[in-house]
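Single chain ahead, written as structure tokens, the form predicted alone.
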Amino acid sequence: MKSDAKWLKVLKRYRIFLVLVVINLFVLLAFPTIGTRSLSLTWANTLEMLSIIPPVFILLGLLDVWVKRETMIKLMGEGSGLRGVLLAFLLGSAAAGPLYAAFPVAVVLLKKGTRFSNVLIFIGAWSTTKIPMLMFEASALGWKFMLTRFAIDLVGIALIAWITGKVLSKEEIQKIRAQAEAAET
């Protein structure tokens, strides 16, 4: 009986992955050309993820062990003010890797007591204000374009974080924080 429950838990946890495998196999059988291309892209994306995720989790482990909760609360917690906002922007902008790597970091930040709006700012900065991307834009599209987009992004990220903080109730934010606490990282 325990074995059956364990398998059901595994199937439930990986149901989306399993559905995508079935869809990929169906496409491969029904449309071999498209299916082959789909499998090729899936394999390439899997290899890319496998090259990115381990370093992210190593850094998360180090962040979890080296940075005390009290320090994180002081730097980015409820009373951190502008310093917490600027640090969230800086961490997000200096980060490397695709956006999906930001979410495990956000979970650790929530576990460490970071203010919810600062976590949203961190994710927003990770997705739009990365330093290498800004340098590329400056060289390819000009400094005026890069600075204009950067300014709009800063305002947009701060506005989205503020609005989200106002729209969500304290109970909803606590529920998100509780889910982060329960998450395995």
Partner chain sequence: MDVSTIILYVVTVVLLLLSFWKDRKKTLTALKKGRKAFENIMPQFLVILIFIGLMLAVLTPEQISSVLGSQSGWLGMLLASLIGSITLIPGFIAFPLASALLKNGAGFMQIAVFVSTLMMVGIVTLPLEIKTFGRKAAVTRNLLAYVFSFGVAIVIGVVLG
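This structure is a prediction, so every number in the text was calculated from the model and none was measured. By rigid core we mean the largest C-alpha set that fits within 1.5 Å across both forms. Residue numbers count along the first chain shown, from 1.
There is also a form predicted in complex with its partner chain; it is not shown, and the following applies to it.
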**OP:** Kindly confirm or deny that Leu62, Arg149 and Ile152 each have some heavy atom within 4.5 angstroms of its partner chain in the predicted bound form.
**Re:** yes
Subject >> 4.5 angstroms heavy atom contact with its partner chain in the predicted bound form for Lys144 >> reply: yes
Original post:
Hey, in the predicted bound form, is Lys74 touching its partner chain, heavy atoms inside 4.5 Å?
Top reply: no
Original post:
Taking heavy atoms only, is Arg37 within 4.5 angstroms of its partner chain in the predicted bound form?
Top reply: yes
Original post:
Is the gap between Arg13 and its partner chain in the predicted bound form 4.5 Å or less for some heavy atom pair?
Top reply: yes
Original post:
Mind listing which residues of 116 to 133 have a heavy atom within 4.5 Å of its partner chain in the predicted bound form?
Top reply: Phe116, Val119, Leu120, Ile123, Ser127, Thr128, Pro132, Met133
Original post:
Using the core for the fit, does the CA position of Glu48 change by 2 Å or more between the shown form and the other one?
Top reply: yes
